[in-house]
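The same protein chain appears twice below, in two forms, each given on its own as structure tokens and labelled structure 1 and structure 2.
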Structure 1
């Protein structure tokens, strides 16, 4: 697709645009959805498109071109130009990165075996059967295979290519109406794919969750399963973008250099993580992706930035462009040194939450939110687990981070419908978490 990119760049320069970024995609995606132990639909998407960003005297615009004929490309550029001429400039625009750059191959991000995989249904059956073996009655979920080529050309000398693959499964297992469990597995190379573990975990939690009692309310020590904590960190990932902070969507506003979490907490964005579902070689302006420490031992170190926002704040890009809106690639909560058993035995009377969904904020800048545990929820008393139901986590995101008392030593990479930015996290013990429930 570089020929298309070159043509767009050439024409854009001829028309007088300043900064130009052309990001071409060639994508093959396959999906198998299943429910009630059977496949409900199988899908295939093939897509070629170009995301285009242009700048004209500090006026910026973007579009996606899906019809890549020369005629349509020229028409699109002329439309952008005529639309931009009357616009007011974006005064805080400070340009894109100066290339070229050197890129390293990132291990475990490409696997021909995934491209050549003819029929992924056997993996679906493996996951369903594992869940059924654990005692589930109904199993639902989704499997994806991905193959994506990225072609980046910019007016600042970048020409970069990245090709990636992926395969992932999300499995939810049910016994009755109130007993369910969830497991996921997301990897970039076929030999690491483990649909059985996802099905088995879903089935096992569903089995443990049988005959739940109404849960209590108050403040409790809570063990968050990686699946549950990944949800909170995925919502938080947006708040680490400098753009979100300026727009009033982040509890991290005005907190640079301040303590925002327990000293045990180090949170990073790792764009170049081997086998990470969000991993890419470069960001949208061609800067090689890297590891950026957002929170270090509880102290907030940096927002995620692109070149323009970095210049605005007198610092360096963190390689997280999004040209308008920087964003995270793979959020990582560094693990601790507790075994899972030690974590559970640490809790005299608390709650184990295996999954949450529907996280919503009352106030983004304050960080006040609630989220609903779903699937198995358990009262933990002296190492014993007793299933409960119908509770809600109602608290504040910064307070949750400050309340982290222990971190498991094993990390899990989570990506599914409710965790759109991939998150790697261990089991997390948080003290004094607000729990509420409906009383009518």
Structure 2
């Protein structure tokens, strides 16, 4: 792919562009879907594309090129040039990172065994059987394997390559129309893949969720399963981008240095985390990825930044480019010291939420949101669980963070289609959460 990158960079400079970033992707992906306890679809596909960022006298633009012929590349560049001449300059644009950089290999991000895996079906069967053993009647889901190459070339002296693999499974288990559970497992190296745990958790929750009753309304202490809390933190990760703050999509605006969460809460973005599903050696400018503390003991420390935004605010990049929008790689909520059993015994009358979806913000700047619990939901009374259904969480994201009373001591790495930014989180106990009845 570097030959494609170099051709794009050469032609872009000939046309008069200033800053140019060419990020080539080459990906082999395999998908195995299953339903009603059996494999239904197996697909493989190969993709090559280029994400292109260009600057012309402080006018900036980006596009994706999937047809990588020289003719199409030149046509795309000329179209960009023509369109950008009519754009207003972005006066607060301050350039891209100056390379070159040195990169360290990150452990547990590449595994040849995943590339050479002939038959992933056995892992699907393991997950299905584990769910059935726990009492599920029907099991469905999807398994993916990925092999990706990243090829980065910039006009500021960066040429960098990264190669990674991954394997993940998402399992839903069903008993009747109202009883279901969900489990996931996402890793970068095959030896750490545990589809059985995903299937077993999904089956166990479905079995526990039988014969649910209408859930109560009011304010309750809530135990969020890692799968559920990861959803909220994935949405929050978008709001930690300086771009989101400037665009009016963050409750963190004007809160640097302020308390925004319980003192128990430390949240980091770890771009170089071993075995992290979002881990990369470098960001979209070529800056080596690193660990950035976003919230420390409840205090908001920094937005996520690229080079241009960092210069605008008189600080250093956090190595989270996105050229237009900085973004997180792997969000980590630091664990506490409570066992799962201690968390549940702490709740005299509350709710355990195992999963959520349809998370929607009514006001991004205020942080007001609602989300619908799915799969097993349980009323917790003196450590005992009773299945309920048809409730909605209606609250405020900062108030949720401030209301965290206890954190489990075991962490879980979550990534699936409702958690697009990977999140590592323990079980979380939040006090006084607003619960309403879901609309049927």
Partner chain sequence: MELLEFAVEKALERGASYAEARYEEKNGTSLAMKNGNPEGLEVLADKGIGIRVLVDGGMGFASTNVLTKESVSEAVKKAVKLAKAASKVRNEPIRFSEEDFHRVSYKVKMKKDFRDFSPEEKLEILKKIEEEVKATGVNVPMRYLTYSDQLWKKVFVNSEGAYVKSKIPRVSVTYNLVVIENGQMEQAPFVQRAFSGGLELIEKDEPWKWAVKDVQALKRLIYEGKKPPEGKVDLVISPEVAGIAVHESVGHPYEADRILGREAAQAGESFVKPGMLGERIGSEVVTVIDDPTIPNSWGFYLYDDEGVKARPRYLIRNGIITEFLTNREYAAKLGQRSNGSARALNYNREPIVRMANTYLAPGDHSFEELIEDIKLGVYMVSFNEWNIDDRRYQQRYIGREAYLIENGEIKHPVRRPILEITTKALWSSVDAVGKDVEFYPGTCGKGEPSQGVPVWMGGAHARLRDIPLRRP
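Numbering follows the first chain given and starts at 1. Just so it is clear, the structure is predicted and the values come from calculations on it, not from any experiment. Here the rigid core means the biggest group of C-alpha atoms that line up within 1.5 Å when the two forms are laid on top of each other.
Here the chain appears twice, and structure 2 is the form predicted on its own. Annotation for residue 38: C-alpha shift of 2 angstroms or more between the two structures, rigid core superposed.
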